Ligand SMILES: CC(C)(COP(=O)(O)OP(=O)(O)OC[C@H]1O[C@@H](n2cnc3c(N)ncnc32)[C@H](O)[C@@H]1OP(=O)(O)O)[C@@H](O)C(=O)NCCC(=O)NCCS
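Below you'll find only one chain, the form predicted alone, shown as structure tokens.
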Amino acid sequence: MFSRAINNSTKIALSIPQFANELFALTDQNRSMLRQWLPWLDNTLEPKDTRNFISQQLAQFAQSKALHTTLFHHGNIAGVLAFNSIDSSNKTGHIGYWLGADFHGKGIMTECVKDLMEIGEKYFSLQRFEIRCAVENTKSRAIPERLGFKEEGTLRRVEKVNELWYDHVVYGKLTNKLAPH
């Protein structure tokens, strides 16, 4: 199984069905916080929903179309980090993440996203990374801003969560590789 140490206390691992119960428990524990931003939450009602999602992600990974990892901090599942999609034609990785509330404010996700970009560049030959966040989601927006992503614009009413429409800020970051013109 793919696993990678970020530092002495944090690692990421390829999400596998064996993580489903603990990951669902973290999701359920943080449901009220996550529900504001994540449209899939109301369809994740029991561990089997998480297990099915992980199985779908593994199928996407097998085709090099996505990479879903589980984030561990001091041995406990703390959240997830993913290339929600990998556009191999354009060498672009679309990054998504969430972290349990007990793990906020420690710089964990910033370090992990930075590492995920290294994985994307080395193993998927990605030359561009993109993160989209709801305009109002300041905690999520802080990560690309800390990592030197460029704010590229705002997409209006692109995601409906709990009957509310959200605008998304699009952040992009290019690698040092020069792509042919």
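Values in this document were obtained by computation on a predicted structure and should not be read as measured data. Start at 1 with the first residue shown and count on from there.
This next part talks about the form predicted in complex with the ligand, which is not shown.
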Counting only non-hydrogen atoms, the one stretch of 127-135, 59-67, 150-158, 42-50 within 4.5 angstroms of the ligand in the model of the complex is 127-135
Three-residue site 23, 26 and 82 fully in contact with the ligand in the model of the complex at 4.5 Å by heavy atom: no
Please tell me whether any heavy atom belonging to residue 114 falls inside 4.5 Å of a heavy atom of the ligand, as the geometry stands in the model of the complex. no
(Q) Taking the ligand as it sits in the model of the complex, is residue 75 near enough to touch it, meaning that at least one heavy atom pair lies within 4.5 angstroms? (A) no
Handout entry: Partner proximity in the model of the complex: residue 108 to the ligand, non-hydrogen atom cutoff 4.5 Å
Key = yes
Does the 4.5 Å heavy atom contact test between residue 33 and the ligand in the model of the complex come out positive?
yes
Taking the ligand in the model of the complex and a 4.5 Å non-hydrogen atom cutoff, the residues of 83-100 making contact are 97, 98, 99
